[in-house]
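This document starts with one chain, in the form predicted on its own, laid out as structure tokens.
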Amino acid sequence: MITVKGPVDHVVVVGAGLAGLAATLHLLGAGRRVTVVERDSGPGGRAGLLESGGYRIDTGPTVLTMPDLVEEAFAAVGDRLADRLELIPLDPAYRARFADGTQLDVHTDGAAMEAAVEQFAGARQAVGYRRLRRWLERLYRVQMRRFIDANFDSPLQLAHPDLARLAALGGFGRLDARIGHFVSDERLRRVFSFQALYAGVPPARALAAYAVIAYMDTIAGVYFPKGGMHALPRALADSAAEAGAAFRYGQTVTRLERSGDRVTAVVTDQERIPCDAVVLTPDLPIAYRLLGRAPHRPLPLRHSPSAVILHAGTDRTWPDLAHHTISFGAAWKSTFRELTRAGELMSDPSLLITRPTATDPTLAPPGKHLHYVLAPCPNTEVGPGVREWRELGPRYRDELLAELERREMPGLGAAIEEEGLVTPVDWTAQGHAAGTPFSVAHTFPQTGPFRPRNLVRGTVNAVLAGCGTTPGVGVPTVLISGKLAAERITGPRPVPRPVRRGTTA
């Protein structure tokens, strides 16, 4: 593995999002001095917090899986997740509701899920689910350490027996077809393939290897931090600060000072911070601008679809909603064509509705409720641009309200007390390329060793982290990206055992 050469005693991490905080903890655990620069007034990045009218609204991801990766970050400095954060396992992980009026609770416990599938779709589908679960477990074991939690210097690193194992599992086929090999019920196929949207590729075109996301969601389990998702970056930042990291909040990086091919200082709008190495976590266009160059690629980068998010603080709730409810429209394949090719809004939308107060009522005033609705939409490269969205946003908000009232949430409009609408206009203003918070799509030419690397030629002591680089989009992979960036500076380290501070291992 290629690592940063020369002195690396003091590292500046640009960005206190999940990737930057993970990198910081792993660097601290390796004995480096770390300064974190963040433009916002506190940690979080995409996983931010909006407080309005007594509601505590998570502005970023709402789904947390693979808590062992969080534990690993804490353990790097001898800390423990349990001492920092209360994680509540969700059961069901999701509730899937379909246009025909049926619904299925998705359980991570195998026996419970098998029973639910049998009741929902019959004994034959339950047998298929059991086979699918075993396949997902094998797929995860083959991929995790070799293809996900790994720094790539060359595509030649793929030449490993695990590649043959992945091929034997059908990982290079198409996701939808592979899921259909186990379960034929169209509704079940959606439950185990909609995750491809996280990767920015329709299930009919996505590699079957991306079923590993379904493993994370439907087998490894979905969790919610008490206090909301923003409690996660806050806990990571507190741990890092106690372990010696210096945080510079409210400062925007304006440029990098260089001496030849080395970055020698990070310059903000308030100070100059000398450094031996730098970890850059902003979206790729900002990182490349600071570095003064973007890697040449034979084809331009393709970005994932974007999303419109409606935050609604209400004076009532709808008890049929789980913590996470996926409301599927009748359309499916045409929906992905609209999002990724035609550049059109979903004519029959599938929506993620999150009700965090179902698990933690303290996120809203007493007797009130918080709802988060995510509607995928085209990014600004293939769909409406920022100028169009300024006019389109309020109109689409009204269309979403009407659809939600028709489906799961009658009377929603009249129940709203506090509201926030986020569109590609806002994602663009935050510096996200193509107006999407989901960054670069996971097409084959943008996956694994073909994804934008976390090292950039021409600068020997700068490393990238975040969802645009290795390994990709999602809370688990972003945490891994921070660890991988740290390893570019420190070299690979054995996985630490969690140790309570003040004790000996």
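In case it trips you up, residue 1 is the first one in the sequence shown, and so on. Because the structure is predicted, anything quoted here is derived from the model rather than measured.
Missing here is the form predicted together with a small molecule; even so, the following discussion is about that form.
Asker: Which of these stretches, 449-457, 25-33, 468-476, 49-57, has heavy atoms within 4.5 Å of the small molecule in the predicted bound form?
Answerer: That would be 468-476.
Asker: According to a 4.5 angstroms non-hydrogen atom cut-off, is A485 in contact with the small molecule in the predicted bound form?
Answerer: It does not: once the small molecule is placed as it appears in the predicted bound form, A485 has no heavy atom within 4.5 Å of it.
Asker: Taking the shortest heavy atom distance, is V37 within 4.5 Å of the small molecule in the predicted bound form?
Answerer: It does: once the small molecule is placed as it appears in the predicted bound form, V37 has a heavy atom within 4.5 Å of it.
Asker: My question is simply whether V253 lines the interface with the small molecule in the predicted bound form - judged by any non-hydrogen atom within 4.5 Å.
Answerer: Within the cut-off, so yes.
Asker: Would T443 count as touching the small molecule in the predicted bound form under a 4.5 Å heavy atom rule?
Answerer: Looking in the predicted bound form, residue contacts with the small molecule do not include T443, since no heavy atom lies within 4.5 Å.
Asker: Among the candidate residues P424, P356, P305, P282, which is the single one with a non-hydrogen atom no more than 4.5 Å from the small molecule in the predicted bound form?
Answerer: Selected residue: P282.
Asker: Quick one: in the predicted bound form, does every one of V14, L18 and I309 get a heavy atom within 4.5 Å of the small molecule?
Answerer: Yes, the whole candidate spot contacts the small molecule.
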